[in-house]
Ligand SMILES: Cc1cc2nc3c(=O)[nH]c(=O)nc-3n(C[C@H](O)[C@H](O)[C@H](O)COP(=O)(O)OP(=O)(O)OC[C@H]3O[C@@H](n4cnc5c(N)ncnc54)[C@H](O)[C@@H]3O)c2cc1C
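In the block that follows, a single chain appears as structure tokens, in the form predicted alone.
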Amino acid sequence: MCIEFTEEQKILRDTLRKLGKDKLERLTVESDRADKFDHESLRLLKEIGIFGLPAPVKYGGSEANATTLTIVLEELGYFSPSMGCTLIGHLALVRPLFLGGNEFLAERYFTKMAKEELGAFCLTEPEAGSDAASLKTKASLEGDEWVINGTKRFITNGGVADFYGVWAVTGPGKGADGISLFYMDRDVKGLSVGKIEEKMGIRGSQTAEMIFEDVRVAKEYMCGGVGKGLKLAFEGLDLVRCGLGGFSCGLAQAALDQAIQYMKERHQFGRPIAQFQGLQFMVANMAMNIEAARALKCFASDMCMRVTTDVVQIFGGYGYMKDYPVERMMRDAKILQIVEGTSQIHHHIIAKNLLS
């Protein structure tokens, strides 16, 4: 499949690629080893306008389409998976704001995006992951304000975001039709950061518990109307799922490139291991799968896990050591089968569409 990029898209891709080679690649290794949020990479990406790309032109953004965002995520998947994950947590708030935002919300939060402020998508809870309709966080109307109480879990950008999209129950007993979406700033009274998660991979991106204790927001901070929140959440996730395919391909390509270089340099039995047919077939299959995956998100994330695991295998004992980046790539890849809908949920959606 061949997709022709515009000149602007090519310039953006090349800019990211240069930044990746010059700085992001090194910063990714450093943040992974330190298990700390990669503030420097975030700063560099803000300088080139990454987080403002999807905002409408009227608010200072570029109104980037899904193809452009996927290009960005593929490059970040290659050089900086943690920042790719950070961007995904931000992008998931874009489409809900387009579809459900009133003029007040649109102007306030699209303008924040255009200024490179970072958002966080607060849906998941301790007892509500794939079953998003089981939320326990509640919002009660008191006069002209909604009062929100509850806890969110596994929130990408939690504690480092400038603003939050928060889903809460406004109609108890109504299931999916009783959930609404609110936008709020980081400094709203009653919002605090709980546990900062220690993750297997994507260690340069922060994942945190967010606690809401009598958080008060005015009525105009509700997005889409009462009971419309869950539909907007799925709209937001649909956008980033496209980008996750690109993310997966970028990370898998980075691992494959490492394998090819290593196979040319590593000698066994008097010759480069690149001459062994069994390994040749492995990298050929990886390349074919990466190319095929550029059109399929669910396939892409599973493919990325297979490719990074096989690349570690090619490196043998060295692949298990931190001297090479491939062990980190394998750890980073695992989240792609979980975040923004597990692979099993995607299979369920595919089967439901086939059988309906």
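The numbering used is simple: start at 1 and walk along the sequence shown. Since the model is a prediction, treat every value here as computed from it, not as a measurement.
Another form, the form predicted together with the ligand, is not on view; read the next lines as being about it.
Residues of just one listed stretch (277-285, 210-218, 196-204, 261-269) have heavy atoms within 4.5 Å of the ligand in the model of the complex: 196-204. Although the partner is absent here, Q253 lies well away from the ligand in the model of the complex, with no heavy atom inside 4.5 Å. For F121, a non-hydrogen atom is located within 4.5 Å of the ligand in the model of the complex, even though that partner is not displayed. For the chain shown alone, F98 is not a contact residue for the ligand in the model of the complex, no non-hydrogen atom being within 4.5 angstroms. Although the partner is absent here, L16 sits far enough away that none of its heavy atoms falls within 4.5 Å of the ligand in the model of the complex. Interface residue among L244, L87, M222, I155 relative to the ligand in the model of the complex, by the heavy atom within 4.5 Å criterion: I155. Interface residue among G150, G129, G227, G159 relative to the ligand in the model of the complex, by the heavy atom within 4.5 Å criterion: G129.
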